[in-house]
Each structure stands twice: as C-alpha cells, then as structure tokens.
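Heads up, the chain below is alone and in the form predicted on its own; it's given as structure tokens.
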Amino acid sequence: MKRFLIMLAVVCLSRWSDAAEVKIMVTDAAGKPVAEAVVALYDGKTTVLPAGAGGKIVQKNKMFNPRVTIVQTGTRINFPNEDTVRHHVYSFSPAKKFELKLYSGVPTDPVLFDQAGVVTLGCNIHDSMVGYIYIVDTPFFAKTDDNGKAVLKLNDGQYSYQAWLPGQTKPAAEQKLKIEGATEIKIALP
C-alpha cells in the first residue's frame, strides 16, 4: 500500500509539473480591467480539496478582509473580529445560511461551506459591511488583481470556465475552451 501511495504521489507531482501558465484578463463591457473578479475553470474530473482546508475572513476597520474570498467546497472559514466593536456576521444566501451572533475575538468554531455558490456576508450591527465568498468545486480558481489579471497553472485539456463579479448571484460569463500550453484567456463581461 505504501509503495502504491508513493507511486501515486509521483504521478500526481509529474502531472502538475507539466502544467503551463495560463494568464487571464477580465474586462467589463467598456474594455476596462475588472478587479476582484472570480474565474473558476473546471476540467470535469479534478475536485481534490487539500486536507484540512481552511481559511479566515478578518473583520477589521468595519470591513471584511478580504472582501472577496474564493474557496473549494468543504472548506471551513473562521471569522476573527479584530475591531474594538462587536460584530454579528450573517448570510442569508442559498449556498450557505449562517449567523455568528454578536461577538468579539475569534469564534470557537469555523463555518463549513459545503455547497458551491455565492455567499453574501453582512453584519447586523454595521450595514456598510459587505463581503463575498465564492465556493467552487474545482482546484483551478483565481481572483483578478487591480489590473484585471490572474494567473493559473493548468495542464493541457478541455475546460469550462465561469467568471463572476461581486454583487452578482450567478456567473456573468460561462464558456468552454481548450488549453494547449501557456496561453492567455480574455474574458469580457457584459
């Protein structure tokens, strides 16, 4: 069994070492770069979630940091409050409904995000606080930088992608594509 696991690890590592750099550019209808857009690529077979996957979204200066978070299905996220005031974090989104009643410090239990989709975060005390979690069933995802750019390492093959913007309830663009080596994907959102 141990030998099988070692061989499997070698095969997996060699597969990922063949991955090419895929540059992604997301623009709006006017051709301007879009920051904080989420791009997720699906190959229809890879859904591996790293063991013990977890994350955190910090509340600081009465904001969610980061404002946009991407995680794989099955990820647990903690919501530490680093402000001097208490927060009451909630979501009524279909992908995950939860409530962390008025608290300060770090909640004892992280929240499990076990369904793909978009989760909008809010605070019952501070209405201006808004954050987003985009939950995906793929390990191939990225968030664009201030220049509308993101980079992923992908193997050659057929993929479909979804592109999403904060505030939307579903992807703004979905399309199939073929990856062959290093390439650049340009996504224009309506």
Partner chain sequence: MIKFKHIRSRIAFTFLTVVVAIQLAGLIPLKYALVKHANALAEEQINVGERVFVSLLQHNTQSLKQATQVLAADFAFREAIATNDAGTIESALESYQGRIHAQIAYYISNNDDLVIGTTDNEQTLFGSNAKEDARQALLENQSGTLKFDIVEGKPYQLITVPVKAPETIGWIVMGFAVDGRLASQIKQLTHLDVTFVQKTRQRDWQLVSGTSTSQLSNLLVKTVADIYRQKLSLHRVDLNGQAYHLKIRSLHETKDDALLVVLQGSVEPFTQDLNTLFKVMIVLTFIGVLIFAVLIWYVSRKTTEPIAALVKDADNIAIGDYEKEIQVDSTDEVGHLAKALNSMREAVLQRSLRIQRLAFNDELTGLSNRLAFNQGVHQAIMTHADSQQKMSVILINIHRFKPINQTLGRDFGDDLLRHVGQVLKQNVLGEQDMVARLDADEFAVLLQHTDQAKATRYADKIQQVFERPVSVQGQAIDVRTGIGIALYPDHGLDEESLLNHAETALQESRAKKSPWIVYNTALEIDQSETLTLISDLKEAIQHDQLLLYIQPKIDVTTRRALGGEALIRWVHPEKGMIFPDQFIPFAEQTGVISDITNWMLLRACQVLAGFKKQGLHITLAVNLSTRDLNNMELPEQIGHLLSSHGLDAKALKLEITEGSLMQDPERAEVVVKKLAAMGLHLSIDDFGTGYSSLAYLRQLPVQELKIDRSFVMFMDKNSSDASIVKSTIDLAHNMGLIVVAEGIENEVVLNQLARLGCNEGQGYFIGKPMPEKDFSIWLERWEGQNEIDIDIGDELSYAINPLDIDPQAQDPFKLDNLG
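Just so it is clear, the structure is predicted and the values come from calculations on it, not from any experiment. Positions refer to the first chain, counted from 1.
FYI, the form predicted together with the partner chain isn't displayed, but the following is about it.
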Checklist entry - Quick one: of I57, M129, A142, V68, which gets a non-hydrogen atom within 4.5 angstroms of the partner chain in the model of the complex? => result M129
Next on the checklist: the partner chain is absent from this chain, but in the model of the complex, do E99, L121 and G167 each have a non-hydrogen atom within 4.5 Å of it?
Outcome noted: yes
Checklist entry - Is H88 close enough to touch the partner chain in the model of the complex, meaning at least one heavy atom pair within 4.5 Å? => result yes
Item to check | Y103 within 4.5 Å of the partner chain in the model of the complex, heavy atoms | outcome: no
